[in-house]
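What follows is a single chain, given as C-alpha cells, in the form predicted on its own.
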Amino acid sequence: MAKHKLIYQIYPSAVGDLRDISAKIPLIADKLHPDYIWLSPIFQSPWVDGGYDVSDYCKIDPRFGTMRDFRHLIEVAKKHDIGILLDLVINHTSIEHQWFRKSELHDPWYKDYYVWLDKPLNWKSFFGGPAFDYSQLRGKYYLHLYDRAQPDLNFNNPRVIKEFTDIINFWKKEGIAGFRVDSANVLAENNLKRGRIPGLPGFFNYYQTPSTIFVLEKLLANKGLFTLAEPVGGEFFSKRKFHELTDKAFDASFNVGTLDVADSFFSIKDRIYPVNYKRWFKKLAKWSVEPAFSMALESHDAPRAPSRFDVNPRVLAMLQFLLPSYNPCIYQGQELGTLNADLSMNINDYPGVQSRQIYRRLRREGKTKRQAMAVVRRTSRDNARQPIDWGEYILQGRQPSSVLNFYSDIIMLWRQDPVIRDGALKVAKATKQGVFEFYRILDKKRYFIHLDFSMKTPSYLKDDHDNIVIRVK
C-alpha cells in the first residue's frame, strides 16, 4: 500500500445509524478528504463494551440498520474516493456468541474455540479483577483479558482461524477497503504454564508471541486490503516488535500508547498525572519517522485532546501533521476542536465498562465517591463517545479562522508540500514546560516548527527565509 493515507474514525453510536453516517460523508470529504473512514464496530452485539463484544460478525446490529444500509454507505463513500475500514474484534467475542454458548456446553466442534482451564491462573484482566471466570455449565474457567462478558478465543485452534478467514472474505466481497484490528498483538499464547505474574495484566502472557504473528500473517497478509493494527501495550512497544507486526500483517499501526505516555502509565486511567511533555515529545519523535506508524491524538478510548492538554486544538493539529505523519488518524469531532463533555458526577450515568471498573477500583482503595468521580469524569473514554454537533461543520466552514478550516489547510499542506510529506526530522528542543521545536528538512529546503503547549508564546512554522507560514497564538 502507498504511504500517506489519512484515516478518519467514526464511533457510530455517537453519530446515529448507517444512513446518518452516509449523510455525514460529504461534509467530511469536502473539508478533510480522508482516504479511509474507519467505523468502530457495527456488528451485532449486546453492547456490554460499546460493540467490542461481538455476537455475530456477519450481521449488522439493528441499532445501525441493515445490510442494505451498509451497501448504501459503501456506495456513498466510493463516490468521494473513500474506502471503508471495519473494526475487526478478533481477540474475543461476546459471551452471547453462538460459538461460546456451544463451547460452554462442550459441543465437540466448539469445545476448544475458547481458552478453558480446570484451575484459574492469577492473571488480572485489562479492565481490572481476575482474568478467569467460572462457567457453571462447563465446569471450567475461561480466559477474558477484558471484561468477563468478552471471552478470549483460542487461536491455537485452526478452526477459529478458518472462521475469521471466512469473515474477512465475507466483508471483502461486500466492498470494504480493509480492517482496523482490535487488540491485534494479544491473540495467542504458546502455552499456558506461566501462571503467576504478580501485579501484571494477563495480556503480558500473550504479548505478541510467535503464535500471534503466525495467526495475523495467515489472516491478513496479501489480501489486497488496507490493514490497521491496534496493538495493546503501545507505550512500551519496541521497534523490533513494531516491525514484526507491520512487516508481516499490517500496513499501519494505530498506536495509542504514544498518546497515553503523556499522562498515564501502561495506559491505565485510574490516576491523574501531570502531563510529561518532554517524555511525550521524545516518544512521538521516535515513532513518527516510521512509515507504518499511525499518529492519533484522539480516539474512542481517550478523552478529548484539547481538554486533556488544555491547549488550542490548532497546536494539536500542528503536532500531528508537521511531524512526519504517514498514516494519521483523526477522530470524529477532533477537527472541530471538540472538548470533553460535561459528564455527570453519578457513575450510573456512564455506559462505558471501563469507567465503572475504574470507579469501583478507586472506591476499594478508599477514595470517596466525589474523589473517584473526579478521576472518572476527567479520564473516561465516555468523553469521546458523546454525540458531536454536526451543525458545527456548516458554521465553522463559513469562518475562515475556524478550527475546521485550520485542519483543512494543514492537511492540504501535509498532502502537497514535499518537505512536510517526505522531509527528515531533526529535533531541536523538547521541554518539561511543553515547548517542542524541530526541523523538517528535504534537500536544501527546511522548515522550523515551534510548538508551545503552555500557550505562553505563539506556535508557528517558519520557512528557510524566516517567513511565518503558520502562526497560532
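When you see a residue number, it is the position in the sequence shown, counting from 1. Owing to the predicted nature of the structure, the values given are computational and were not obtained by experimental measurement.
Unshown form predicted in complex with alpha-D-glucopyranose (GLC); subsequent notes refer to it.
> Please determine, with the chain shown alone, which of 146-154, 326-334, 285-293, 396-404 has non-hydrogen atoms within 4.5 Å of alpha-D-glucopyranose (GLC) in the predicted complex.
Selected range: 146-154.
> Of D382, D270, E230, E189, which residue is found within 4.5 angstroms of alpha-D-glucopyranose (GLC) in the predicted complex when only non-hydrogen atoms are counted?
Filtering the options by heavy-atom distance leaves E230.
> So in the predicted complex, is alpha-D-glucopyranose (GLC) close enough to F309 to count as touching (4.5 Å, heavy atoms)?
No, F309 sits far enough from alpha-D-glucopyranose (GLC) in the predicted complex that none of its heavy atoms falls within 4.5 Å.
> Could you tell me if R377 has a non-hydrogen atom within 4.5 Å of alpha-D-glucopyranose (GLC) in the predicted complex?
R377: no contact with alpha-D-glucopyranose (GLC) in the predicted complex.
> Might H97 be said to contact alpha-D-glucopyranose (GLC) in the predicted complex, defining contact as any heavy atom within 4.5 Å?
Because no heavy atom of H97 falls inside 4.5 Å of alpha-D-glucopyranose (GLC) in the predicted complex, the answer is no.
> Heavy atoms within 4.5 Å of alpha-D-glucopyranose (GLC) in the predicted complex: does D35 have any?
Heavy-atom contact with alpha-D-glucopyranose (GLC) at 4.5 Å: absent for D35.
> Does anything in 157-184 come within 4.5 Å of alpha-D-glucopyranose (GLC) in the predicted complex by heavy atoms, and if so which residues, in order?
Heavy-atom contacts to alpha-D-glucopyranose (GLC) in the predicted complex: R180, D182, S183.
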